[in-house]
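So this first bit is one chain, no partners, the form predicted alone, shown in structure tokens.
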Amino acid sequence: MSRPATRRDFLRGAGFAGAAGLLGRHAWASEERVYSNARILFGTMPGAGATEVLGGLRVRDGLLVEVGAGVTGGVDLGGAVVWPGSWDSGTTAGIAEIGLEASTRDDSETSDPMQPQVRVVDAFNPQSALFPVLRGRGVMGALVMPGGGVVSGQAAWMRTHGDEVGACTLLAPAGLVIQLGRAGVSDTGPSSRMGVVARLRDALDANPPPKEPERVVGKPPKWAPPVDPAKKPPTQAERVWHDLLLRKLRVVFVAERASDIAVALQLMDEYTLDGVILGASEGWMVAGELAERRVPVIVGPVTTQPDSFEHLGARYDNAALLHKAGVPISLRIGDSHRAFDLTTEAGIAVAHGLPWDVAIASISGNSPGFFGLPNGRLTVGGEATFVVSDGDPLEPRSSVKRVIVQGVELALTSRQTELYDRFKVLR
């Protein structure tokens, strides 16, 4: 049942987003807009309330102030589907442009296999020609990750729209990327799985966080040793390890093989790390352990083939089996130039047993939610960012008709559409 937003709802939504620095510097549309006669998918998991409703949306100051059957008038969408768009994880969008042109690639720092201080936002290009293409196909954001080495660097959640890095940034850092299995092996680093894990343990053991003075409510802190002026302040890398061990920063373990996932779980237990598993093509083999710990898993690509020793156990019903076991999941495709195919991958997961409404949530609200972000969901008081499609988003024949970001409707033009318009007369 819909209801108009109260002042408290409005301030809660705006206050949370503003305090967390999630909205960047995007200019909101100040006027009220109404979109009606639509099938609205909220992007939430079953059990968290209604997953969809027939009706409309009322947008004001970049926020959704009312959603439901009671919203009428305004722009008649003619029964189209409104949903939060897709949110991919583990892409290089914005830090890699052309695969065969080294000058356009900043997705991997290979000077050292241990690079916790490397940050995606320092290389992110908001003017990438890829972003208009992705937006036009309904991709609203992505977890952008560096690659290579054992510790690749700090990932960030980024929008696919914004005129500067700050406007695109939703959360930075979002997590420290650690490569397990053969992905962590390199010419300049470890040459085996044993070496990869040994380097990780050495780094974690060598960087214990500094002890803070004990504090009791209502009393001054207990005495702490004076700061030695001759002691150097921690380096950027040391600060990252400290945040990781204090659970102020999440770790993203890239792991495909079941044994590598088990190592990730062991490290998380041993060092009390707050972790997410990404890839997990053999995740179904350890679904019980993942479910017991409630460790989120970003699965995919769904269509990963058993074509290497890293994922001999890959199967198309992997996501369905993990979900059935009770593992919190989202889906990914991981290829920045094919991020819009995430909907197709989700459709394949549905064909192999994943419930349809779970698949919608798994490509929209789930992955940002694993990192504490409210994006990827349509909620009263939340951000008015959504996509209008002419059919089921998981059907390959459905197309995007409108894209609204923070209440502002964007043009669906890109280099691809411009080239088509330029040369179509030659057909």
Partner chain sequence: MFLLFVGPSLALDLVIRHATVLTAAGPVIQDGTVVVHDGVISAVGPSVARGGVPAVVAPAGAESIDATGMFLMPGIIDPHSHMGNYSWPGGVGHGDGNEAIEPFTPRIWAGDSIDLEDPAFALARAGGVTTVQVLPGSANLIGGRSAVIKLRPRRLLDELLFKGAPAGIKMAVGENPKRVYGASVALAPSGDQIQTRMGEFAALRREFQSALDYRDARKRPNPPARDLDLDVILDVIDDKILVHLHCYETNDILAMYRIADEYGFRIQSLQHGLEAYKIRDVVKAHGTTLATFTDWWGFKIEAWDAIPQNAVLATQAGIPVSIHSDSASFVQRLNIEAAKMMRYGWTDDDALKSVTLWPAMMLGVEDRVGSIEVGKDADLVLYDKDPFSVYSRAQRTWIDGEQVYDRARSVAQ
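Numbering follows the first chain given and starts at 1. No experiment lies behind these values; they were computed from the predicted model shown.
Below, we refer to the form predicted in complex with the partner chain, which is not included among the displayed structures.
> Check, residue by residue, if Arg250, Asp260 and Lys324 all come within 4.5 Å of the partner chain in the model of the complex, counting heavy atoms only.
No, none of the three is in contact.
> So the partner chain isn't shown here. In the model of the complex, which residue out of Asn207, Gln117, Asn125, Thr344 has a non-hydrogen atom within 4.5 Å of it?
Selected residue: Thr344.
> Check each of Val53, Leu394, Val380, Val388 and return the one that places a heavy atom within 4.5 angstroms of the partner chain in the model of the complex.
Contact residue from the list: Leu394.
> For the chain seen here without its partner, which of 196 to 204, 155 to 163, 139 to 147, 125 to 133 has a heavy atom within 4.5 Å of the partner chain in the model of the complex?
Partner-contacting stretch among the options: 125 to 133.
> Given that the partner is absent here, does Leu246 sit within 4.5 Å of the partner chain in the model of the complex, heavy atoms only?
Looking in the model of the complex, residue contacts with the partner chain do not include Leu246, since no heavy atom lies within 4.5 Å.
> Using a 4.5 Å heavy atom cut-off, state whether Gly73 contacts the partner chain in the model of the complex.
Gly73: no, not in contact with the partner chain in the model of the complex.
> Verify the contact flag for Val350: yes if a non-hydrogen atom of it lies within 4.5 Å of a non-hydrogen atom of the partner chain in the model of the complex, no if not.
Yes, Val350 lies within 4.5 Å of the partner chain in the model of the complex.
> Should Arg293 be counted as a contact of the partner chain in the model of the complex, where contact means heavy atoms within 4.5 Å?
Result no; Arg293 lies far from the partner chain in the model of the complex.
> What residues in 300 to 316 sit within 4.5 Å of the partner chain in the model of the complex, counting heavy atoms only?
If the 4.5 Å heavy-atom criterion is applied to the partner chain in the model of the complex, 300 to 316 yields Thr303, Thr304, Gln305, Pro306, Asp307, Ser308, Phe309, Leu312, Ala314, Arg315, Tyr316.
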